[in-house]
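Just the one chain here, the form predicted on its own, laid out as structure tokens.
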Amino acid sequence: MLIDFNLKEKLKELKKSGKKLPGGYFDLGIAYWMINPDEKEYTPEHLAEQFLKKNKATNKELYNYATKKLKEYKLEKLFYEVEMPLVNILADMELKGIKINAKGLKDLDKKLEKELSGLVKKIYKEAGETFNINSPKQLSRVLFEKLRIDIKGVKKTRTGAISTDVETLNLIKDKHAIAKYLLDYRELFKLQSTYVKPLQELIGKDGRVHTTYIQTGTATGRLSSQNPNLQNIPIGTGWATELRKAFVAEKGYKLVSFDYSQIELRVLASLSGDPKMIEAFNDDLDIHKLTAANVFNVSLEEVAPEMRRLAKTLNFGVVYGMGAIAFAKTSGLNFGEAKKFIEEYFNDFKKIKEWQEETKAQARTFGYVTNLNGRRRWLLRATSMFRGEAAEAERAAINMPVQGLAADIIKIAMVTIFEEIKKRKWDEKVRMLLTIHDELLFEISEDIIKEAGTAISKLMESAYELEVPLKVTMKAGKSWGEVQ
């Protein structure tokens, strides 16, 4: 067995050189991350000091301690059957990369440049002067000193200056035309500087972009991505779709997306055992519409779009332990309305509240919480005398069993799909390219899309047994933009 750190990079080197892969491997960094997912780093020196209380330790010493703890915490099954096979899968995905239409990306860059240039002129005209739009200090002076825009309800920064963030600009957008131009400018500038320009630099000789997945990047078990971060590619606006159109399939293939529908809410329904939520998912009802009907005490037919929007915001917010202040900010309600809405929500979905309180109590009693697979997160600050610290730990306690299980489910699905691809000898016809939170993106040969799509959907929907069915949405297109 190969025992070491960062084994994914070693496997990639072996794959590139065509050498034989080891029969088994044990990634020490991932093992210690499972033991305590909130460590800041997983280097040999840090782990030796933190866990063995030594300046240095051999891999064997670190391995012996890790195997003992994995067994003690009942994490062996998750480690050996999910996280270790995933090392090889991610190595494969990183080597494959995703094809980029370089010309399309360059053309988009030019379009953005032209659009930004026009917005800058409009901003300068409204301001009556030229200034550095990207400087919060200069922008604050123009907005609130020169143009004297009403600052009622606008927050201040830590230094006492008036904020110029997106939230502020949205608050003042009806008070002065400059705010709308600034919001558009911010969106396009971020798109260009964070994605369009860097992506052009990162295209490899094979015409593809190769991200790096971090298995130890989050405390809940979710994978993260860097250089470039392909899990954060914007979605929704026309410009975001233009960017996604630059991610394309090879000739004879299509990009196919498989997305778990509302997986975290399905997990929450199962964990809490809430009868209303379970019934809604089992009957394949619109969960946000049902929530709105319950909270507003109306029939499903009477639910207006705005009611559904508020219910949807709270449904997802509940997973993260959202309180009245955060809900008010996100929904646009005032504090009193937000508080009443949350009270009504928990009055209708009593079991969710009960489960949350039990989970917080577990964090306070044992100093950690676990998900159904045993994945744990230490939350010693749940008993802190500082209310802010304790509240933050409690929010993490509520979120971790839900997000942690959702993360495990997609990882289990990836492992079973990878095995199925090998079994069916589809290696050249079905390529797993990206994992984006609750979604998997494949490049599939056009002649087997229906067959492969059915197989992958079934494997994803049967990856884990909950109290409610898992549901997967499949979409295909020649580019990622078309898939949406």
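Position 1 is the first residue in the sequence shown; the rest follow in order. This one's a predicted model, so the numbers in the text were calculated from it and none came from an experiment.
There is also a form predicted in complex with the DNA; it is not shown, and the following applies to it.
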Item to check | Segment assignment from 267 to 275, 184 to 192, 82 to 90, 292 to 300: heavy atom within 4.5 Å of the DNA in the model of the complex | outcome: 184 to 192
Checklist entry - Should Ser257 be counted as a contact of the DNA in the model of the complex, where contact means heavy atoms within 4.5 Å? => result no
Next on the checklist: Please tell me whether any heavy atom belonging to Asn170 falls inside 4.5 Å of a heavy atom of the DNA, as the geometry stands in the model of the complex.
Outcome noted: no
Next on the checklist: At 4.5 Å between heavy atoms, is Asn132 in contact with the DNA in the model of the complex?
Outcome noted: yes
Checklist entry - Would Gln403 show up as a contact with the DNA in the model of the complex if we use heavy atoms at 4.5 Å? => result yes
Item to check | Contact test, all of Asn36, Asn64 and Lys68, partner the DNA in the model of the complex, heavy atom 4.5 Å | outcome: no
Item to check | The unique member of Met307, Ala391, Ile100, Leu75 whose heavy atoms fall within 4.5 Å of the DNA in the model of the complex | outcome: Ala391
Checklist outcome for this item: Partner-free chain; cross-checking the DNA in the model of the complex, the single residue of Asp165, Glu145, Glu343, Asp286 with a heavy atom within 4.5 Å is Asp165
